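In the form predicted on its own, a lone chain appears below as structure tokens.
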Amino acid sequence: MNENKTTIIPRSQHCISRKQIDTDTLKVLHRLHRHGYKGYLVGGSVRDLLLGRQPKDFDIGTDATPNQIRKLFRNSFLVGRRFRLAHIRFAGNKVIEVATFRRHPKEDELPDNPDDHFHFVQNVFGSPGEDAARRDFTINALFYNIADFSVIDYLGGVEDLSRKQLRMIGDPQIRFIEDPVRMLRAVEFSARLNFTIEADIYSAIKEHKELLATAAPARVREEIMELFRHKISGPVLKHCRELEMLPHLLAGYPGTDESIELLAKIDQRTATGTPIEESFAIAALYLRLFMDSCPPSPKTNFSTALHQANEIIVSHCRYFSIASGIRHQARELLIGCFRLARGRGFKAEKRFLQHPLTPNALELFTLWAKVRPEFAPRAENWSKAIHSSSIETNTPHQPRKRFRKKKPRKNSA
């Protein structure tokens, strides 16, 4: 990368204001600058601010090493085994992440033992421009300099923002082999920002999509949940289906039109302010598959439904190392939907009405009924029954009066 092509956009020519930046983040940036270090706002927060969006969080890049950051901030601690960075803690369990600029090492710098290469590559400190070149997309390689409030663009990210295009830094064929999760992130950013994806990215996805199955499950799990948090799970997984990524991304996920439509309903639910829980997301992903495997009719007994729910959920949760509590809740939501779809009048209905997860199951089933309208009357009927049961449960009962037996009077002498 040639840093001579760097573009510096002065404060008068961009829209970012310090009023839009978190106050604690500004404190960290200013302290770094006062002590002679570079203090840059980096990555997605700069991108979002330039697009007129409010960032979810603010990350900081600096030329101070992790140990120098720890000495400078008494409220900081170092995290990460393979990638050392500093977390600076503020009131209310708030944490601001500060990373030292990195660079790609040269061949002759690598350790003799190949097993040590990965850790070494992640921790070679470099310049801001070298750090920008390590990032995934040009729009994520923009820096905001607290020293003069300018935006620094090393790789043409500002122009790509104006064109609404997603462009990979470097050759996508190589970058996807380095990190297959970047394929999913390309589709994610396209949906989040309504950007077009460059043709060479599509070509590389077509060639290397199978590598998604080799990605770290923890990374994929987090990226999938990010889709739900950003309310784009429906369109992203639909696009992934069109690109034939789904079998390598989520083994067992049906990816049918109805499944995708249900996810779009979940996104709308999240957009109204209802937080998404992982158990709810898992149940939504596999509800169509579960319903197909055990049709909700009087002929399908409860034990069969329980077995099928376990079969579907366990394989997903084992692969992604999901806690048993989340797995249990996802299974209960599927079983709850089975009971709701089967209708009323079956054994243990009263206990089911008062189960703590039944309202959540009804919420999922109601969304499913919007995809499959034939279930709408049952959803409405159950809603009334659950509401009535809730009122009955919450109505305080008057304590029964207890009458004492009168003792017989003693005969007076």
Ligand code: ATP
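Numbering starts at 1 and follows the sequence shown. Bear in mind the structure is a predicted one, so any value in this text is a computation, not a measurement.
Another form, the form predicted in complex with ligand ATP, is not on view; read the next lines as being about it.
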{"query": "Heavy atom within 4.5 Å of ligand ATP in the model of the complex - residue from His328, Arg219, His104, Lys94", "finding": "Arg219"}
{"query": "Candidate from Arg34, Lys384, Lys56, Lys350 lying within 4.5 Å of ligand ATP in the model of the complex - any heavy atom", "finding": "Lys56"}
{"query": "Contact test in the model of the complex: Glu242 vs ligand ATP, heavy atoms, 4.5 Å", "finding": "no"}
{"query": "Ligand ATP contact at Pro66 in the model of the complex, heavy atom, 4.5 Å", "finding": "no"}
{"query": "In the model of the complex, Phe189 touching ligand ATP (heavy atom, 4.5 Å)", "finding": "yes"}
{"query": "Interface membership of Glu226, ligand ATP in the model of the complex, 4.5 Å heavy atom rule", "finding": "yes"}
{"query": "Heavy atom distance at most 4.5 Å to ligand ATP in the model of the complex, all of Asp136, Asp179 and His230", "finding": "yes"}
{"query": "Region of this chain that lies against ligand ATP in the model of the complex, out of 340-348, 46-54, 362-370, 23-31 [heavy atom, 4.5 Å]", "finding": "46-54"}
